[in-house]
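So this first bit is one chain, no partners, the form predicted alone, shown in structure tokens.
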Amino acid sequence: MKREGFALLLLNACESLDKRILDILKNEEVGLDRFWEEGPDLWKKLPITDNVRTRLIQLKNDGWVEAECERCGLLGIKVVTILDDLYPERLREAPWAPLSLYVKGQWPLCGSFVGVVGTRRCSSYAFRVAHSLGAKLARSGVVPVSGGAKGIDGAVHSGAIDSNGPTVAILGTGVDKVYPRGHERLFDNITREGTLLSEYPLGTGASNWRFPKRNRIISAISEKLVVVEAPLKSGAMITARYAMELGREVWAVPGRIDENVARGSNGLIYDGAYPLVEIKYFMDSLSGGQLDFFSDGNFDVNTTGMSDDQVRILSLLSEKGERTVDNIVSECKMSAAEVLNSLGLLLARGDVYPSGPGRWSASLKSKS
């Protein structure tokens, strides 16, 4: 790494500095190589806070930059600065772009990036939507981006991995840390085809304020952002606000109006976000297709290997939505035994799932 890279890594370690410090240095006619070489004698003359100056001096005197580069080399972690060609161009354009990024896994990645976010305490329905969306994006050559957390984030990453595609997790910790606990295997799988990415130095642990901050990277690096399910006060809503400020296209999955967990995402639709009412429509939008929210509603159900009874039940659930066994008996004109037997076989195929006590729904793979 050259002197400019050392300087950017040092400045980035202060955490309060970003792309805007480059304008300050330019106004002072101070290049990054000079900033690194002259050190504290020069820094005393720059219009930066005493806390930042003290931090810079401490890190420089401790040989932190050299040690950090050595640690990265040993762990197979790349450092990408804002001046590097490998730095994401969409992120570089943001006024608050991080000066350096730590990358663990495969980089760079081909294809456009789409952010998919939502609450950690999501409903089972939202989890299935997120998993299906992650899978379909990955299969289409699009890289799903999320935050590596539990709930919606984990579902998105898992969906991409299950489809043997790449995914990017933007972390609120160092890339050498696993947070939350229990995501060790997920993070390991992500690095096989995709990337763990963070602006934070190695060893940085979890702090509440860092996670909202990292959300701005998700919004900036993505071409579009999807909020699957989010309450009014949530990290996903912070990500959506960043995306809107940057002029990104924001989509939201409609949720039930009587559930607080979806008040934020429903509110986004009210405020003008695109409603993600069918994954197919969203995928069409990525390829420049015209949105048609008022199609005939017929779903392309894969009926290969199904009996007539199974086809009738799956078609009903796909077209009409959730039903009880009694509803299915009445509407399909079948006996309860025939319905239960067919539901068991459809469940084994993954075409239906129990959506509540005594209630059944078609799975997303059968509806999109």
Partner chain sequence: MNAVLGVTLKGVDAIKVEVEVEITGGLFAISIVGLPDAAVRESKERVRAALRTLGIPIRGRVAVNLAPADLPKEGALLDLPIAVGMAKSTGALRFSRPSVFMGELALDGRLRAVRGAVPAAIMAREKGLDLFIPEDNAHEVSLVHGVNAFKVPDLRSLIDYFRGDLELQRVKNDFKADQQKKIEPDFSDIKGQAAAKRALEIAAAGHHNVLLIGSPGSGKTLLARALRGILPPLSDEELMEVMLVRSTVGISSSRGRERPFRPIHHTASAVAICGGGTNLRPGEISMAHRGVLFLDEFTEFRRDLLESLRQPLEDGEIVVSRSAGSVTYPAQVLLAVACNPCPCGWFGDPVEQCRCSSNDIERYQKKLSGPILDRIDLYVPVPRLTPEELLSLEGKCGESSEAIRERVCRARSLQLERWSDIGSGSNSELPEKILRTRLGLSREARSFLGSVAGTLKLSGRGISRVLKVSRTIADLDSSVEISTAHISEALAYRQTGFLS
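Predicted model, so just to flag it, every value in this text is computed and none were measured. Numbering follows the first chain given and starts at 1. Here, rigid core means the biggest group of C-alpha atoms that superpose within 1.5 Å across both forms.
Unshown form predicted in complex with the partner chain; subsequent notes refer to it.
This chain lacks the partner; the member of M306, V52, L340, L316 within 4.5 angstroms of the partner chain in the model of the complex by a non-hydrogen atom is L340. Of the candidates D326, E37, E66, E29, D326 is the one whose heavy atoms come within 4.5 Å of the partner chain in the model of the complex; the others do not. L171 falls outside the set of residues with a heavy atom inside 4.5 Å of the partner chain in the model of the complex. Of the heavy atoms in D162, some are within 4.5 Å of the partner chain in the model of the complex. In the model of the complex, the partner chain sits within 4.5 Å of a heavy atom belonging to R120. Although the partner is absent here, E93 sits far enough away that none of its heavy atoms falls within 4.5 Å of the partner chain in the model of the complex. Residues placing heavy atoms within 4.5 Å of the partner chain in the model of the complex fall in a single listed stretch, namely 254 to 262, out of 254 to 262, 95 to 103, 133 to 141, 267 to 275.
Shown without its partner, the chain has K150, G151, D162 in segment 136 to 162 as residues with a non-hydrogen atom within 4.5 angstroms of the partner chain in the model of the complex. For D326, a C-alpha deviation of 2 angstroms or more is recorded between the shown form and the other one after rigid-core alignment. Relative to the superposed core, S335 undergoes a C-alpha shift of no less than 2 Å between the shown form and the other one. The Cα position of D33 differs by less than 2 Å between the shown form and the other one after fitting on the rigid core. Inter-residue distance, P357 to S158 (Cα): reduced by at least 3 Å in the model of the complex versus the depicted form. Legend note: Cα of R323 to Cα of E259 is at least 3 Å farther in the model of the complex than in the depicted form.
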